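One chain follows as structure tokens, the form predicted alone.
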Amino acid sequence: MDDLTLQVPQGSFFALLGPSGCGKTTTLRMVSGLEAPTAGRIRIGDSDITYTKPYARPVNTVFQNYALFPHMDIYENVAFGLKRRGVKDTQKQVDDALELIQLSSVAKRKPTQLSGGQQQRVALARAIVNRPAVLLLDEPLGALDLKLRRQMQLELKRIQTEVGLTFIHVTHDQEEAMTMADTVAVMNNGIIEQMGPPTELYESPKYGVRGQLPRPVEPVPGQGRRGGWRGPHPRGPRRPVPDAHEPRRQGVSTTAGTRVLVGVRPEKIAITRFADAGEAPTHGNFVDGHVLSMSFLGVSTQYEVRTRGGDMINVFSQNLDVHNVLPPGTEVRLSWLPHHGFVLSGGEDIHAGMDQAS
């Protein structure tokens, strides 16, 4: 970790997002007491828990491997923590927890008789029944298949909303973080690079994203206070950026001659056969190239396009007509609306903050 300062609002769903090795789990382990910080303080509410023993902290953790007791039935698994704390009458609390996860009907089954998703919900109920001040989730959905993982994302958010506990969720899956969290903190190399609501991070990223035009471009004057960013060729198209994505608001200098990177999300790029493209768009936001590869994904097709300048751009195109999919080698034009663009510093590593393995 590198001078991490973080405040999680009570009752919120907070996600730590980043590639493997960026410090997400280390942060979680410090909160749970399994890792001791070399400096700084950890507080829950007004209580300083920096050196409090793990078992004495008002914290519970849900792991990826569930960690259920195979010799106990579901009811006994959920009641385990309460009994360890000396709670005499556990029935109502356990019944309420099982009803919350919608598994009251399987209370007498053993964990091995349940599906992966059901086991994960039992692990969640076992943690929630203790009503911790903070619930830590260490990539709890990583072992589930895609369909079940998406279902559990909605379940987790529903449960968090109903019980009103503070959830801190660690994941390397961008979609998972944005589906569930109220606030997302993007981590890389032990620091938080950006933090905010999912929509803000997605629409106005500060660091590397897919769909970026990797080649730096230079600001050129525009009418009024709105300028544009011209490509590497002096007569190339201007690429205007609207007020909402002004580089000044992202800490990017707009002095003449400053090199910047222009970005646009893959699903906001229109892809057209070059032969059918016609005149260049009046707003100037386009680039030509050829399809290098395509992947049919059902609801959409993912294209990898090499531009004539040698850059690689990913495009997601909705499959309105599956018979019009563009095969590799097709000459294409990519275009996008001005207000879909954003800029990053020209000195920025275009891959910063991205999980290279995904």
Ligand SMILES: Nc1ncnc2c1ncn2[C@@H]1O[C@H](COP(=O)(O)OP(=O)(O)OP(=O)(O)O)[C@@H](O)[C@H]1O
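Small disclaimer: the values here were computed from a predicted structure and weren't measured. So that there is no doubt, residue numbering starts at 1 and follows the sequence shown.
The form predicted together with the ligand exists for this protein as well; it is not shown, and the discussion that follows is about that form.
- T26 is the sole member of T301, T307, T61, T26 with a non-hydrogen atom within 4.5 Å of the ligand in the model of the complex.
- A heavy atom within 4.5 Å of the ligand in the model of the complex is found for exactly one of E139, E176, D182, E76: E139.
- In the model of the complex, the ligand sits within 4.5 Å of a heavy atom of S20.
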